[in-house]
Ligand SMILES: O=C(O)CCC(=O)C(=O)O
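Okay, so here's just one chain, in structure tokens, the form predicted on its own.
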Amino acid sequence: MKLKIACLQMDIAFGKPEDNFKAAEIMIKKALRDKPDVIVLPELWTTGYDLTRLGEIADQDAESSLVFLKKAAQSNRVHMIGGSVAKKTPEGIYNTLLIVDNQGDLIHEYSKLHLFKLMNEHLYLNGGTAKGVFSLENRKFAGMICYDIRFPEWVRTHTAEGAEALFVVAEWPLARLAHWRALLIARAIENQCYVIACNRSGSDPDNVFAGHSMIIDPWGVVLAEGSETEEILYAEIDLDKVKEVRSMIPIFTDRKPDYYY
């Protein structure tokens, strides 16, 4: 099965959800000219890392974000990997990835498991506990958020359950661009899966972000890579290639998990 992917490498307005909804709407309309099957947004695309004000600007139960994503998905018959948003709940605020299918139905949510202390996420956000595996068109995928890619055992948990492509949404800093590229390519090679990684561009008061969204095949070949500026990145993936690669080098059947821990 082939899918055309569009990654929206947005420059996010710091702490201004209304501005970011408008910017995302413009980019979605532009992306739709090339008729993608899947549109991907970056991490915390509604607020950016304005963590100290999340109590004011986080989306209550992600309601506004879901209305926006469901409308875009249903009216354009496109799957929306809705980036992540600051979701306010009675228990606290979560960094939550939203998956909406091309019928406009919410099919999965994944809240970031690994909170990044270097950017003070642990002071303002609750960590999730559920996995990021989900199905679209009867094929298995997985969703991850930024720092998660530094934990190969977490990624393997999902691909061992059959995920054929990994969607990564991020606000990854330019200072660690080399790590971003190396980690994403490694995750694709070691899991023999596609990696579709949508990073943000631009800057906020404390960080300059890397851009360089990437779409990588199961051999680790980079099919498309963005620059540091705002843009839309496109590539077509063929999920049947995953089975082909996994049959050639059968790492999943050759694993010895009883010896790993």
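Values in this document were obtained by computation on a predicted structure and should not be read as measured data. In case it trips you up, residue 1 is the first one in the sequence shown, and so on.
The same protein also has a form predicted together with this ligand, omitted here; what follows describes it.
Although the partner is absent from the chain shown here, 43, 116 and 146 each have a heavy atom within 4.5 Å of this ligand in the predicted bound form. Using a 4.5 angstroms limit between non-hydrogen atoms, residue 112 touches this ligand in the predicted bound form. Interface residue remark: residue 150 is counted as part of the site for this ligand in the predicted bound form, having a heavy atom within 4.5 Å. Interface membership of residue 141, defined by any non-hydrogen atom within 4.5 Å of this ligand in the predicted bound form, is ruled out. Within this chain, residue 172 lines the site of this ligand in the predicted bound form, having a heavy atom no more than 4.5 Å away.
From the list 103 to 111, 75 to 83, 172 to 180, 130 to 138, the contact stretch for this ligand in the predicted bound form under a 4.5 Å heavy atom rule is 172 to 180.
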